[in-house]
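Before any questions on how it binds or moves, here is one chain, the form predicted alone, in structure tokens.
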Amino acid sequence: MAHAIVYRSNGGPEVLEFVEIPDATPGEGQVVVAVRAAGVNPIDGKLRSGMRPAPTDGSARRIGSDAAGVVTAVGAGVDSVAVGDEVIVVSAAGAYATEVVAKAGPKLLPKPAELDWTRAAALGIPTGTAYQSVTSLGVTAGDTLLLHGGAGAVGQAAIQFAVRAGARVIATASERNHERLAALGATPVAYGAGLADRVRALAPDGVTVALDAAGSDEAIAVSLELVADRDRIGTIVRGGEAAGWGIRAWSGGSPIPLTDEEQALRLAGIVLASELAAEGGFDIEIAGTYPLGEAADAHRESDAGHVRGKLVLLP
């Protein structure tokens, strides 16, 4: 039997259940993918807890959107992939499972042979979000980007995309993560009291753009203090409050949905990151792996908020 992680009510990680599910059957234009690895994203915990709108009615609700695996069945009208193809699944419906049904099309990407399953499953939301945010903020050569939350999966991806665009990146993180950020090409700085002064000392000519991937009051306040143009300040965490500050937001509770262009940028970022990673030009840090049945433990670690890189489930 196939298995999946589900929840029937909102709550802590303990509401996650490891259950048997019927074997998947593809419909027209769909494929079945045997999941080899599934990425854990902070949004998963927010949906599970009810922090993000996801009403439950007592029925089993599946979870997870990033996965990588092998196509095991194809439905009618599918000729872009075949049984046996190794793929990256973007925006899956219930990726925490041994198998998932996915739509054949642009969100079913070929997995480069050079990428192992864990790194392939880790791409999804982090690289797409990072690329879209950096691009939408117009980060380019000559910019100095202040990035809050540099050690997380989105932060690490944003550093690499911004550096690739020619920008200088100053990234906040706890001191234990500074070596990692420096290796990615950023200038690390400790968050906490006095952050604005420390950034000024590192960037005497000023900061031109800021991206909040941390969600702290400090991240917002320091960004507003140091960046003159509020159109060049963005958040992926405090979207519900962004309009009040006059800054930009993408997801993170924002009432404004992503535009078609922004959605296309997210997909383009995943494709680019997979190609670069296969060539050794993009680094994906795996914070840890858990068996699928221990998804609750993975959520406990994710909810704690100090994950460096990406957590991955292995069915």
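Please read these numbers as outputs of a predicted model, since none were measured by experiment. In case it trips you up, residue 1 is the first one in the sequence shown, and so on.
FYI, the form predicted together with a small molecule isn't displayed, but the following is about it.
For the chain shown alone, residue 306 is a contact residue for the small molecule in the model of the complex, at least one non-hydrogen atom being within 4.5 angstroms. Of the heavy atoms in residue 120, none are within 4.5 Å of the small molecule in the model of the complex. Within this chain, residue 176 lines the site of the small molecule in the model of the complex, having a heavy atom no more than 4.5 Å away.
In the model of the complex, at least one heavy atom of residue 149 sits within 4.5 Å of the small molecule. Each of 129, 191 and 214 is positioned with at least one heavy atom within 4.5 Å of the small molecule in the model of the complex. Annotated contact segment (heavy atom within 4.5 Å of the small molecule in the model of the complex): 149 to 157, selected among 226 to 234, 90 to 98, 149 to 157, 203 to 211. Of the listed positions (36, 248, 61, 46), a single one reaches within 4.5 angstroms of the small molecule by any non-hydrogen atom in the model of the complex, namely 46. Though the small molecule is absent from this view, in the model of the complex it lies within 4.5 Å of a heavy atom of just one residue from 125, 184, 139, 222, which is 125.
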